[in-house]
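What follows is one chain in structure tokens, specifically the form predicted on its own.
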Amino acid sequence: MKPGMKIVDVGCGTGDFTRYLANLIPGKCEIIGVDIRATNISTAQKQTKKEGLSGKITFRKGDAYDIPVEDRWADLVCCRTLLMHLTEPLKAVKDMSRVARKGGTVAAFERGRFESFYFYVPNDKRITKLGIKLGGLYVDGVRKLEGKYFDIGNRLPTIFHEAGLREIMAEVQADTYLTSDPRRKLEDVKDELGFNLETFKETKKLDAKAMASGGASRKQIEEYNRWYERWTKSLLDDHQKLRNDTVFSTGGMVLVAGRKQE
């Protein structure tokens, strides 16, 4: 990351990652954030102005399969947790490559699936094993129902190669979650838990459908859901318990980058 770079952030949402990139670069740069939702673009523009970054960042409404940026414009074209939601990720990566200049970089940061990553509930082997199992069945179910790979990170090197990119590099980052970690502010942890609980309530029927499609039984899904809701509420109701809880989980994120050759 250096001054003068031209960057496109595809599927930018409300621009959090776009602004993060802008803050990494001292001096001038040009960054275009692209998202399909007009409401996201509006929010992104307001927050970017508030943070004093409008001189570096602009936003455009557009599709990942037809990015509204001219050919060979960018030094870097990137996305974060976008390809996992697409039914044609290769098509999107090919268009990201179109926007990159010769010798430019295309990069994606997406979820993967790894046996070494774990979920652990103290003194409850059954829920521990069930949580790990349902996580995998959910990914399988989404693929069957929607044709999307929520563990697409593992496939990224192949997708990049098929898109014509070369000099492909890959890294794995562990995304850990522990509510009692003292480096995290109590209010931040509470906000995240509250958001997760509301999201869980809103999506649990769809999530259950995906897990069932992946091979989970109704009994397994209901058992885990009861535990999760009870666990989350107990932490929100008792700060002392929250700061001493040792339920631990990790997830794998994959960063892949490739060079445009021509």
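Numbers for residues come from their place in the sequence shown, where the first is 1. Fair warning: this is a prediction, and the values are worked out from it, not measured in the lab.
There is another form of the same protein, the form predicted together with a small molecule; it is not shown, and what comes next is about it.
Trainee: Tell me which stretch of 42 to 50, 58 to 66, 207 to 215, 226 to 234 has a heavy atom within 4.5 angstroms of the small molecule in the predicted complex.
Mentor: Of the options, only 58 to 66 has residues within 4.5 Å of the partner.
Trainee: Examine H85 and determine whether its closest non-hydrogen atom to the small molecule in the predicted complex is within 4.5 angstroms.
Mentor: Yes - in the predicted complex, heavy atoms of H85 and the small molecule come within 4.5 Å of each other.
Trainee: Contact between R80 and the small molecule in the predicted complex at 4.5 Å, heavy atoms?
Mentor: Residue-level check for R80: yes, a contact with the small molecule.
Trainee: Spell out, yes or no, whether the shortest heavy atom distance between I36 and the small molecule in the predicted complex is within 4.5 Å.
Mentor: Judged by the heavy-atom cut-off of 4.5 Å, I36 is in contact with the small molecule in the predicted complex.
Trainee: Can any non-hydrogen atom of F248 be found within 4.5 angstroms of the small molecule in the predicted complex?
Mentor: Contact check for F248: no, nothing within 4.5 Å of the small molecule in the predicted complex.
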